[in-house]
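A single chain, nothing else alongside it, follows as structure tokens in the form predicted alone.
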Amino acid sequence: MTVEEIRAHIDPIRHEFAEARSLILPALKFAQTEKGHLTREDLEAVGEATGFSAAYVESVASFYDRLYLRPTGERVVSVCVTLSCMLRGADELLEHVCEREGLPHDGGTSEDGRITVQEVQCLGYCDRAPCVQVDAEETRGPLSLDDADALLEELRSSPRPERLWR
């Protein structure tokens, strides 16, 4: 992602933020949409576009679990493991999804790079536990193991999204 592309994204929304450093998050989220994760070059481009050092930008990126500093799959499936979901089978759901994708019990990225599975804390869907979120946009629940199989098949059969919003 280039500095110009990032500026083109943040300049129209710049007036919405009282402090310039608040632009770092939307700039990082946008920079991540190209590859699904942030590279050193992306961090430097965000730094230049926002007026902060790459080191400062990286400190922001490393704080948030939805900003990825390592490659991820084309689709990211986040399984909520907080109390409500745990009491309604999140551990079994996470283990099932990981097993189906050939991953260790705590997640990772499938060998073909299509699916990343991760555990996350509360998604705010406690009344629909256990739940998962796809690409930090779509939350589904309650999810049975059969529902999870159908979701993974759906994700695998769908084309790669043009932009990888996370």
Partner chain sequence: MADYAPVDLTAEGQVEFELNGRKVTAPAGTMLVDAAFAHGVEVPIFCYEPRLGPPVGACRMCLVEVEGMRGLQTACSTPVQPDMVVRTTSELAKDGQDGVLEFLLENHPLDCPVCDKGGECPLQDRTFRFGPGKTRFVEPKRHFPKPLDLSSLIAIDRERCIQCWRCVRFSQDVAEDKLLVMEDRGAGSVVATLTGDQYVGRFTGNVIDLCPVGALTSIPYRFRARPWDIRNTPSVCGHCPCGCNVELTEREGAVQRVTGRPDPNYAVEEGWLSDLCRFAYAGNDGPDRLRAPAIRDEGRVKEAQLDEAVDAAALVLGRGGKVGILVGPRATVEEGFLAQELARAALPGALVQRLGIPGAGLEAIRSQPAAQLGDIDGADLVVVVGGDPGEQQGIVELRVRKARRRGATVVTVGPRPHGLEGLGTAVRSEPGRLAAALEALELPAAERMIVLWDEADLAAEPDAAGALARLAGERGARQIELGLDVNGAGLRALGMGATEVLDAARRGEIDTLLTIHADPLDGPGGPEWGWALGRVRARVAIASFASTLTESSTVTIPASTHYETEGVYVSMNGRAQRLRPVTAGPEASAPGWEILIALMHRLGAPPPYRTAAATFAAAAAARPALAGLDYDALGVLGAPVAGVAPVSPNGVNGPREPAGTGLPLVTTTRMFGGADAYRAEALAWVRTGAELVLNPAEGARLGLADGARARLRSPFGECALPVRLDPAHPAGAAFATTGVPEAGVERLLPADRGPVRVEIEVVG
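Think of the rigid core as the biggest set of C-alphas that the two forms share within 1.5 Å after superposition. None of the values given here were measured: they were computed from a predicted structure. Residue numbers count along the first chain shown, from 1.
This next part talks about the form predicted in complex with its partner chain, which is not shown.
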*asked:* Among the candidate stretches 125-133, 99-107, 59-67, 26-34, which one is within 4.5 Å of its partner chain in the predicted complex when only heavy atoms are counted?
replied: 59-67
*Hey, with its partner chain in the predicted complex, do 5, 9 and 139 all fall inside the 4.5 Å heavy atom range?*
no
*Please run the contact check for residue 115 against its partner chain in the predicted complex: heavy atoms, 4.5 angstroms, yes or no?*
no
*in the predicted complex, does residue 49 have a heavy atom within 4.5 Å of its partner chain?*
no
*Would residue 45 sit within 4.5 Å of its partner chain in the predicted complex, counting heavy atoms only?*
no
*in the predicted complex, residues of 33-54 near its partner chain [heavy atom within 4.5 Å]*: 40, 43, 44, 53, 54
*CA of residue 55, rigid core aligned, shift of 2 Å or more between this form and the one not shown*: yes
*Please say whether, between this form and the one not shown, the C-alpha of residue 98 moves by 2 Å or more once the core is aligned.*
no
